[in-house]
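Next up: just one chain, as structure tokens, the form predicted on its own.
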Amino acid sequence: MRTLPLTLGFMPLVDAAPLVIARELGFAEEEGLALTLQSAPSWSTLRDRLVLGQIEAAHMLSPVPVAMALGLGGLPTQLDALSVLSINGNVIGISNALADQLDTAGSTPDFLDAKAAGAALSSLKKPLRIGVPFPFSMHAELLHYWLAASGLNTAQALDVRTIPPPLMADAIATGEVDAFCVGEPWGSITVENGGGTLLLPGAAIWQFAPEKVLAVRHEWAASEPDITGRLMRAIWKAGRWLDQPDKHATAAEILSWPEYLGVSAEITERALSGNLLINARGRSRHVPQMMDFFAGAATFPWKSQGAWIGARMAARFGLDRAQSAAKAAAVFRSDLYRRHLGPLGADLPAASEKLEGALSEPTRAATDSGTLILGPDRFFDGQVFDPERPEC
């Protein structure tokens, strides 16, 4: 089969793994694609390359296509989220100085307890400089949601600064920020370098947060349906491969190559397994659902996930919540997922939206051909988001 060349962009993060594995283990070639993977220095650069047509698809922050649909960020191009690349994968870290303050105050929360961690930060009663990789990101949405629910007036108490992921460890080590929310491996690099302590995994705030998506220009997906389908199938196969724990060591070794992450395979494997080292004293914790690429319909682009992001952005930027939720839901292309992945045997939920945050344990859900098991998706404060009532 003649292979078609396709250029994909990514940021050097563990959750870029589906793109890397699709290329390196031949899943793209099975679909007749010759992938070129292009690393970007920042999320804004990656977004602009996609918008300008310099690349065909990208490993992208899930809120970026939503922000563009809502007219935020100054770029009018419509992007589609063809599938979810990864669930969770972020960590929240604090400086050593802030960790010492919490210790002195007797507030050292359990690593998986978002309520206690939020209360500890609120008790400091001081503005916090927090680094995030991009203003339109799950990092920013989770931070604002978590800290507001913990009693902080985020408009007054947070000084949010944009720092590319590979620079986050340096930013906290040099005192540029007091805390950060970043994707792995860069939180673990901070601990490895002795520059800070991990306080909380993102999964403790929302157990099933759509972190990255496979993003393309809307017009490209419409004009290239065959290539779109091939790309989606290759990435889906890579995610299925990554779902197997016995493949983590191989995946970590590949991701450690200089053209991808350029960090040790040992650190990368921690993120894949969820066994994180959280401070320089060697304390470790296992994080359930630290990062998922396939299980529990992880790759399905639920319209309700898009709606949640849209509603949260509307609240932060003063937009109409119902209209924003509807526009955001349209970005998550469950229709294309069904069309291109159904014939491959992918689990297709019977509905394309659900109550977000309603599942506290693995739950059977109807599919087009039977049932699948959806994993827990609770928010730390017990809230449930109904996409039919986004204004609530």
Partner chain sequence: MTDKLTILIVEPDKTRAEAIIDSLAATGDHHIRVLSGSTGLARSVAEMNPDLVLLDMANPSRDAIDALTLASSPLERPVAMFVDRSDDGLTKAAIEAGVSAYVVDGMQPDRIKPILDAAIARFHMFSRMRSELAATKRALEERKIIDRAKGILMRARNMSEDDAYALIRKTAMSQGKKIADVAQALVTASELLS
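Numbering follows the first chain given and starts at 1. Remember, predicted model here, so these are calculated numbers, not experimental data.
The form predicted in complex with its partner chain exists for this protein as well; it is not shown, and the discussion that follows is about that form.
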property	result
Full three-residue contact with its partner chain in the predicted complex, heavy atom 4.5 Å, for 273, 304 and 361	no
Segment that reaches its partner chain in the predicted complex - one of 44-52, 330-338, 28-36, 351-359, heavy atoms within 4.5 Å	44-52
Touches its partner chain in the predicted complex: residue 288 (any heavy atom, 4.5 Å)	no
In the predicted complex, residue 76 touching its partner chain (heavy atom, 4.5 Å)	yes
Close approach of residue 259 to its partner chain in the predicted complex, 4.5 Å, heavy atom	no
Partner proximity in the predicted complex: residue 183 to its partner chain, non-hydrogen atom cutoff 4.5 Å	no
Proximity to its partner chain in the predicted complex, single hit among 111, 208, 294, 136 (heavy atom within 4.5 Å)	136
The unique member of 226, 103, 159, 219 whose heavy atoms fall within 4.5 Å of its partner chain in the predicted complex	159
Heavy atom contacts to its partner chain in the predicted complex at 4.5 Å, residues of 168-185 in sequence order	176
